[in-house]
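A lone chain, given as structure tokens: the form predicted on its own.
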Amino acid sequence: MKRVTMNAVVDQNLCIGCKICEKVCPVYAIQVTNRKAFSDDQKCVACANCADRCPQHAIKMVERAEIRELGVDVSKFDPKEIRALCEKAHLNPEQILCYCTGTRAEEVAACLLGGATTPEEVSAQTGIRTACTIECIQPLLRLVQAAGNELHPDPNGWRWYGVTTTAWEIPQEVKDKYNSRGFYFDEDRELLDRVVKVGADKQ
């Protein structure tokens, strides 16, 4: 659960409509219209990306009048379906994906089972990727794909660019080339597979 206590506010006198804020918002909460940025306080998750990157210092994070809480109730979903989706993405349901907000894989899976289809929708509902926005993007993308959704990076944004190769997708020729140089691709994959299965016998 993430408590959103701040909100992005734009000083229209300073804003030059450069759209940097729009490009870095992980939930599309800020838009530029007629060369001025406008933040939707009902969507803002207080990641501060816009304020941190505004070249004019036109955006400030201010305390919200009412605190918003982001989170998905995992108990409302079948734990077997949650585990199946997580394992398809090579993740353990209890694995923390976003250390900034404490969001676990099971919560992202529940969000996807509940109807979310894009990384932005998952971020808006769970809070994942609404702080540093860096470390958790890859497992989030893997879960979105595992749920059967296509990934469509925004060509006009800098939110994310695509998935990276995982231990399960390294080509054999790469393994053959580097195995003798201190890399343990298959051993790493076996270890990760064991991590994914931890707790499976309890369901």
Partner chain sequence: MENKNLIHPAILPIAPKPSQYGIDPSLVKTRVAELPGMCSLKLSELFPELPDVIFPGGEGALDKLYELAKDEIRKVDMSMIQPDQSVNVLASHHGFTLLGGQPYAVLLKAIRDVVIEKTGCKNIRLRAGVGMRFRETEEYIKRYGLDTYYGPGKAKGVAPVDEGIPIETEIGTLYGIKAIYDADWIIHAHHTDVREVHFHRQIDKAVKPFSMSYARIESRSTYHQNLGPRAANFTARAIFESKFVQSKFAFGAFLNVGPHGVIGVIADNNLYNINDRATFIGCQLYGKVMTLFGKIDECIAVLDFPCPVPYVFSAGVIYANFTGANSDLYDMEGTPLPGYTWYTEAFYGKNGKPLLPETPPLNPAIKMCVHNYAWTGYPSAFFSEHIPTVVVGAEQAKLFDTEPMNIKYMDHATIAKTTEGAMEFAYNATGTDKVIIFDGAMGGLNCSESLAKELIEKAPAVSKEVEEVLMPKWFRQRGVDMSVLEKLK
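Everything numeric here is computed off the predicted structure, so don't read it as measured data. Residue numbers count along the first chain shown, from 1. We call the rigid core the largest set of C-alpha positions that still match within 1.5 Å between the two forms.
Although it is not shown, the form predicted in complex with its partner chain is what the next lines describe.
Taking the partner from elsewhere, residue 124 is found to have every heavy atom lying beyond 4.5 Å of its partner chain in the model of the complex.
The closest heavy atom approach of residue 94 to its partner chain in the model of the complex falls within 4.5 Å.
Using a 4.5 Å cutoff between non-hydrogen atoms, residue 10 does not count as a contact of its partner chain in the model of the complex. Under a 4.5 angstroms non-hydrogen atom cutoff, its partner chain in the model of the complex lacks residue 148 among its neighbouring residues. A single residue from the set 29, 143, 47, 37 has any heavy atom within 4.5 angstroms of its partner chain in the model of the complex; that residue is 47.
Using a 4.5 angstroms heavy atom cutoff to its partner chain in the model of the complex, all of 1, 134 and 181 count as contacting. Residues 2, 3, 5, 6, 24 are the ones in 2 to 33 with at least one heavy atom within 4.5 Å of its partner chain in the model of the complex, listed in sequence order. Relative to the superposed rigid core, the position of the CA of residue 189 differs between the shown form and the other one by 2 Å or more.
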